[in-house]
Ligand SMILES: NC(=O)C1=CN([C@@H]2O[C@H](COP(=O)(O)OP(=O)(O)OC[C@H]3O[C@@H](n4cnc5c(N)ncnc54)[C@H](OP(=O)(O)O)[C@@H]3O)[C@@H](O)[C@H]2O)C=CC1
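Okay, here we've got a single chain as structure tokens, the form predicted on its own, with questions on binding and movement later.
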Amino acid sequence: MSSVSAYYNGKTVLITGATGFMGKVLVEKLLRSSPEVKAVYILVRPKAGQSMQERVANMLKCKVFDRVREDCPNFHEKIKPINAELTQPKLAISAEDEEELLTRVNIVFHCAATVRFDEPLKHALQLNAMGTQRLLELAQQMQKLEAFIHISTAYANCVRKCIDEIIYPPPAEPKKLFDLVEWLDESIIQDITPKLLGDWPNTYTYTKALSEYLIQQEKGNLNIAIIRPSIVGASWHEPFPGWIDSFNGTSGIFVAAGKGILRTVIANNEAVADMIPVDVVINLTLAAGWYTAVHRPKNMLVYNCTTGGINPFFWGEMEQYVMSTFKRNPLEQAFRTPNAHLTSNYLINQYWITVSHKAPAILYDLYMRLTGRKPRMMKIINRLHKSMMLLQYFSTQSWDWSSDNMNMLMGQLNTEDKKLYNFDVRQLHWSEYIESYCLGAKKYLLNEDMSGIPAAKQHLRKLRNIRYAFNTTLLVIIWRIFIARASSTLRH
């Protein structure tokens, strides 16, 4: 029998960030592996003109729930949405909803965060740090709470090269910072952000470091664990291989490379690409929830959920695997044949950006204008460069994370749990994983059918012929000019 799934049966769970990429996988796995779970409360805010009910209905239509839909068609009845806003005092939860949570919830999973690297500091602080503080205040009043699991990031302490499973001193005193951003004008906050960040590369990692420290300071007598995943990628096995629904992180870059838009990337071939499949993170999270609630460790445990120290994989290898997958299974209507190169040299990268990104984009947009359509390529290229710039910090260096707690937890699981909640990344074959990741991006992000591959290959052949013709014409013109020059020099 599985101890972990048995633990969640009959329990009432609260999840924040349930409509996000990781949140959906967590909700799905919990409902599928513990079908007798009593209720799953999810905090949801209205967003982009959609009410809370509409957002939840859209979330439940998602393909990620197909397996649980088959096993238990009424799974949605277990999900209880609560209107909430993490950036508001007391989370803007109604009195009756609050009463319900305080008397019923047994375990909290805090996944909500803004994962945008370039989020303005004030908003990142409000959501990632103050939101965590408000949720903790609520949790401290919960009468039946057994565990509180916080999802952080392995990069919260990226200013250090070696990162242990401990809480480090914060980049600033959180309380003072909160007061500061409350009364300072937005434009002034923007001006002083670089000074405040110091060595931290972005507001995301900075506010995540603050949140970890806040939790340590304010946990009182709660049973808390912190999970620190590295770069979260598509699923490895569950609910099915390659599932992904977000262009964040490496996904958007894979797609841009597969479409032939992205030709050059600043990265160190020898640096570790510390990716972790989303289902590995969720399996570890659920196992840690069980362990924290049942074994009540004396100290708050931090779990570095990374692959680099256990099963390292390098940016140079990733480039090869991504390119070979997209050559075998091309994306539809590619802009050019897929061919991206990694370089750690800034000048070489700038040269290729000009020659392979900007020049073709300008020509394509000119063609679009001439044929009476809206130019869009330069806009795509600029967006791509912005995300490449934000990722550069992580693709040019390596870190060492210890994973003692992850190993300890694995040792605590029985045989059944090791199968059901597998987070043993030693079993991960990178070439297979990257292939299923790329195919997942094709199927789930771009909604492309595998039956369209022959046509996509035909399209690539056409692009190749156009390139050969263009290069030949160019050579002939240069040759003609050269011959003409030479003969006129001879005549004189």
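The first residue of the sequence shown is number 1, and the count goes up from there. Keep in mind that what you see is a predicted model, and the values were worked out from it rather than measured.
Just so you know, the form predicted together with this ligand exists too; it's not on screen, but the next bit is about it.
Looking at this ligand in the predicted bound form, residues R55, C111 and T153 each place a heavy atom within 4.5 Å of it. Here the chain stands alone, but in the predicted bound form its contact with this ligand, taken as any heavy atom within 4.5 Å, falls in 22 to 30 among 424 to 432, 461 to 469, 66 to 74, 22 to 30. Although the partner is absent here, P229 is a contact residue: one of its heavy atoms lies within 4.5 angstroms of this ligand in the predicted bound form. This ligand is not shown here, and in the predicted bound form it never comes within 4.5 Å of any heavy atom of E332. In the predicted bound form, this ligand sits within 4.5 Å of a heavy atom belonging to R45.
Put simply, T87 is close to this ligand in the predicted bound form: some heavy atom of it is within 4.5 Å. Checked against this ligand in the predicted bound form, the residues I215, L127, L177, A147 give one hit for a heavy atom within 4.5 Å, which is L127. Contact annotation: of the candidates Y204, Y291, W200, W236, the single residue with a non-hydrogen atom within 4.5 angstroms of this ligand in the predicted bound form is Y204.
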